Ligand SMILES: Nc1ncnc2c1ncn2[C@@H]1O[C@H](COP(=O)(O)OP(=O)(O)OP(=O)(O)O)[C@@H](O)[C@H]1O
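Shown here is one chain on its own, the form predicted alone, set out as structure tokens.
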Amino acid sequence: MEEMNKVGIVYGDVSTTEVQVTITGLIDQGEYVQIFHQNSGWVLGRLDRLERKTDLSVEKALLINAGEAVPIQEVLLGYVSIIGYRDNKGILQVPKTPFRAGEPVYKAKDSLIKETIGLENIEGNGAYIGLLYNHMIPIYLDINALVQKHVSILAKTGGGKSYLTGVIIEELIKHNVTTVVIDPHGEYVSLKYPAQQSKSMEKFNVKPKGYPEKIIEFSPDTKTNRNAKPLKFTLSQITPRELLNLINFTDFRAYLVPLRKAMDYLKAAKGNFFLKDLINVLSQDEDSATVNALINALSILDDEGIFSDVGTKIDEIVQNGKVSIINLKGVSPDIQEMVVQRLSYMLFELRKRDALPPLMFVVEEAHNFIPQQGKAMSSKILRTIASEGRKFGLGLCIISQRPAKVDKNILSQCNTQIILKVTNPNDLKTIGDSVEGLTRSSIDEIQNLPVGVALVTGASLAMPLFVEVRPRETKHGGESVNVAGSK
């Protein structure tokens, strides 16, 4: 039998959805409580707010400042939001009549929390991400719901979003979910290596483990990322408009005709061709400022080494049950956009034809690839994946420290939202607008979350929950670099 721990008494005006409590025991804001209702039995609530009321006046404060001993009367008050109870049909209900004033308030038993919130034991096909905040109840997210209904992970810089993403990828690995990760900063290659043992691992029942056999790394820049396999594309895969986008020529009118003419000629004559071939054909055209500008820009692009006569095959990149890291560390933003655009397009088209296994596509720094304002080469296809990918077994996970700068249509199509600490008012407004079921107090609480605690909605959860994220099994690759004291 779980022991009942009394923490307060219901007082004042009482409703069916919120009660005020005089706090008499030890309890923290955010913990769950249970209150007996005369008609409904035990009802679950959450302590959303704590306040300390005192009789300390300005006059008394001045006396204390002068060194006098002044008695202070105080009381600790709590405000409890009522979650409800399960009726005899298992349906979550809220009492139809108010609670009685004077009813004792107890810390909620784990069994009542699990039953009322509907925390099913889905360990077999669930992703273990941590413990219910302030409780020792493991939280699992349904793997199928994650992949089929899209995910967003949002936090301010330093809020722990990359760490949490690593936790989720570890769980995808354990369940043999094929995964492709767009990694702009080279943070996720560390999934190969086990983390150091720590005390917190015991609390969460986690042990260090690396997954070197499950990780494949690709990069357009193998000089910077020496352990990566080369990621190459052929020019025949690129349209003239995409190539102009890539060299930042936004005014197509002057450049599109000569470029299309040269590319069509090379496709007919050679099939696959190099940028040097394209430059040579353009050089044979009439000498003009337009053509010279094209040649100069294409010469700079050629130095990037992204194009080859033989491109990387998609079945080399996507392998069943493995995680493919697309390491873009050291790659220019324009090339990053092109890589994301081309990969997104190929993943979507091949999944439609069932030529690839069902997979999760993880996009870090999503505000760069699907911005709310401005344009990115990758925006259109990522919008298509967000709206249609679930029909074809292509899940999308977007990660960003600036929710307000991410395409809001895509955010709204993520049924699972995982939100760590966010303080920017514009970002908070975006979250409030795009996440269903959030209360005003939950949005306020997001601003004050400790690092490592996340608000989770969707993915088989009946209601938004605050979760203390478990430690990583693998080494975290996103630690900040110390500047002071460095040599």
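For clarity, every value in this text was computed on a predicted model and none was experimentally measured. In this text, residue numbers run from 1 along the sequence as written.
The next section is about a form of this same protein that is not shown, the form predicted in complex with this ligand.
Student: When this ligand is placed as it is in the model of the complex, which of 218-226, 270-278, 152-160, 169-177 ends up with heavy atoms within 4.5 Å of it?
Tutor: Among the candidates, contact is made by 152-160.
Student: Would Val451 count as a contact of this ligand in the model of the complex, using a 4.5 angstroms cut-off between non-hydrogen atoms?
Tutor: Because a heavy atom of Val451 falls inside 4.5 Å of this ligand in the model of the complex, the answer is yes.
Student: With the cut-off set at 4.5 Å between non-hydrogen atoms, does Gln148 touch this ligand in the model of the complex?
Tutor: No - in the model of the complex, heavy atoms of Gln148 and this ligand never come within 4.5 Å of each other.
Student: Under a 4.5 Å heavy atom criterion, is Ser379 part of the interface with this ligand in the model of the complex?
Tutor: Ser379 lies outside the contact set for this ligand.
Student: If we define contact as a non-hydrogen atom of the residue within 4.5 angstroms of the partner, is Lys475 a contact of this ligand in the model of the complex?
Tutor: Lys475: no, not in contact with this ligand in the model of the complex.
Student: Just to confirm, with a 4.5 Å cut-off on non-hydrogen atoms, which of Thr416, Ser324, Gln341, Gln401 contacts this ligand in the model of the complex?
Tutor: Looking at the other structure, the residue within range turns out to be Gln401.
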